Structures are given as C-alpha cells and as structure tokens.
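The chain below stands alone and is given in structure tokens; this is the form predicted on its own.
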C-alpha cells in the first residue's frame, strides 16, 4: 500500500491544533507539520460563535499547511463537550448458513444492529465501538471472522452527540475550507495516544484535562466500558486564581504555568512570587503556597467528579493500571500525586510516544488528543459516523427505520 497523508484537527476551548502526518505501508505515522493557534468561538467544547470559530480553525490549518507543504482538503476532527453521552448496547444477528464461516458482512450487520438504539431525534450516533463478540454462547470473542456459528452477538459502546452541537462544529470546519472526514470522541483519541495495550487489558481510566472540559474514558479487559465529558478544565483553575488573588486572567494563567503546584505541603512556606495585579501598584508579591492551595481545591473537586463517572461504568477496584492523565492542565506539578491520594489508584502523566518526523512539540500531554485523532483514524473499521441527519417527516422516518431494521436482522 502506497504512503498517504492524513490530517487531524483538535478543536479545543483554549487552543486549536492541526496535524498532518504521512502513513507508511506499516501503518506508522511520520509527522509532516503541526499548526497550533489560540481558540476562539468555543466554550466548554461547544461552538458559541461560528465566525470566530471559522477564523481560528482556518489560522491553525494554514499554519499546518505551511509547515507540511501540503494542502489539507479533509481532516478527522475531535468532538467533546457536556452534550456527549454514551451507553452500552448489544447487537444480535442470525447467520444465514451455519455451514459457512462468519464473514465481515455478518460482523458489520451485527454492529449495525447494535447501532439501533433509542435516541431522541435531536441526537445522533457518532461511534459504535465493538467491545467483544459472542458466537453461539461463546463469550468474549475478539474477532469472529472465520468462525462457525448460527448466531452472532456483539457488545458495543455507543456514543451519541447533540445534533446541533455536532453540526455547528462541522460548519466551522467546513467554513475553514476543510471537509470533515470523521468525528472522533476526544477521550477515545487520547487513549490511543497515551495508553498501552497492557494498561487497557488490566483496567485503566484516561483523564484528559483540557482547557474547558475534562474527558474521561474507562477501559476494562481491553475494551471501553464508559466515556464522559465533564464541563470543568484548566480554565476553571485559572479563574479560581483570578478571584482568589485578584489578578487579571493572563497573569493568573502565567502564574499557574510558571509557579503552579497542587500540593501546598511541597511548596516552601516562605517562597514569594510576583504577579501582575489589579490596582494602582500594577503587581504584587504573594506566597506561592497560596497559589497551590487554590489549585489544590479545584483539582480535588475535579478528581471527585471523575471518580463518580468511573463508578458509572466500572468498580474502581478493577482498574489495576489506575489512572493516566493527559491534556494541558496535567502538566501542573504534583497532579499525579494528588490523583493517587484522592482516587486511591496508581496515576501517571501520559505523553504521546513513538512518533517520527516533526514531532518534538507533540511529546507533551497537551497534544495527546491531537496525536490520538490520527491513530484512531487509522482504525477505520471502528469509526462509524453518520454525516446526514434524517429530515423526512415523522411517518416516513418510521418506515425508513423499519426497513433498515429488516435489512440488519435478516441475512443477505
């Protein structure tokens, strides 16, 4: 198979990152160019200003095109936000002739059967991720193709999104001159970049702390069992500093990056830092430990919310590999130690690995999602995206659903 290039766009609340990579015949990625720019027109992972979003995305795409020397016509795009929800669903199909082995078409019919879930008309399915298959009662089959059986079941993880939020994002991407090739849930992408196969097998949770949201994905026995997006991120830590220290937001962000820590006891009591402030003086001295106390309170609250989400999908006791942190806010010193203390699980900060080409910038937890989008895109059989919504009248929609159901259940 000849080398080809793919692109991914991570549209975040604080930054937009576009990556272009070349894929060789061994499915390895070589980074050709990266374009990073400030975000605009987004809040908590959702578009709130179409025109500002288009301009910010176009700027990031243009930088990546200049760096790579290639034209970006289409891209795989990350989606997140509190409008995203997930559920687990089972698909069941009959095999036409049990004397013949199960084919890829049978597997696809089973996945389509699992896709038929009861979702409101204002939501759309963006992923149907197979967890494992069951062939005539034989449980936890990884790949049923070539096996014999009369019935095929598949356990899947189904991710849905608000139709309006999804189409607003696509409108911004296409307004910047790029076709949306697929939408990929960001915590699934982050997992591809920083988790090992062993961690997924033994039980692990990926927690990607971005600017406006925190993305969570729980893996048990090598498969995803729960995903969620929390509307809290690094920007909320910065806002807490603005209120507590009475400083401008840019100064609070700089102080968080330069002097931040989330464990006050690890900061010297007499250490003072200078921060730009409101008022006549223009700047003021303050204890660094005070910054740490503010950041600790917000981070503990975040981890408690994450623990609640983990319990929705799995018992934390089965997560032997613990917790892997990624995203820009995971760079704050001490955050892995605080995670272990609050969650009672092993924790580490994950960075994208095994990258070739212009990848120096990307060896940072802030770019886990960006790199993961490329890696997930290579697994095309696991990405199922419906780009055109049903706009038929209600009665016509019912007939269409029935016809679709018959096509899925009855063997071809």
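Positions refer to the first chain, counted from 1. Note that the coordinates shown come from a computational prediction; the quantities given were computed from them, not determined experimentally.
One more form of this protein, predicted together with a small molecule, exists but is not displayed; see below.
This chain is drawn without the small molecule; in the predicted complex, the residue among 253, 181, 112, 240 with a heavy atom within 4.5 Å of it is 253. Only one of 235, 200, 307, 275 lies close to the small molecule in the predicted complex, with a heavy atom inside 4.5 Å, and it is 235. Comment: 320-328 is the region of 82-90, 145-153, 192-200, 320-328 lying near the small molecule in the predicted complex, near meaning a non-hydrogen atom within 4.5 Å.
In the predicted complex, at least one heavy atom of residue 211 sits within 4.5 Å of a heavy atom of the small molecule.
In the predicted complex, none of the heavy atoms of residue 71 sits within 4.5 Å of a heavy atom of the small molecule. Residue contact check for residue 64: none of its heavy atoms lie within 4.5 Å of the small molecule in the predicted complex. Taking the partner from elsewhere, residue 128 is found to have every heavy atom lying beyond 4.5 Å of the small molecule in the predicted complex.
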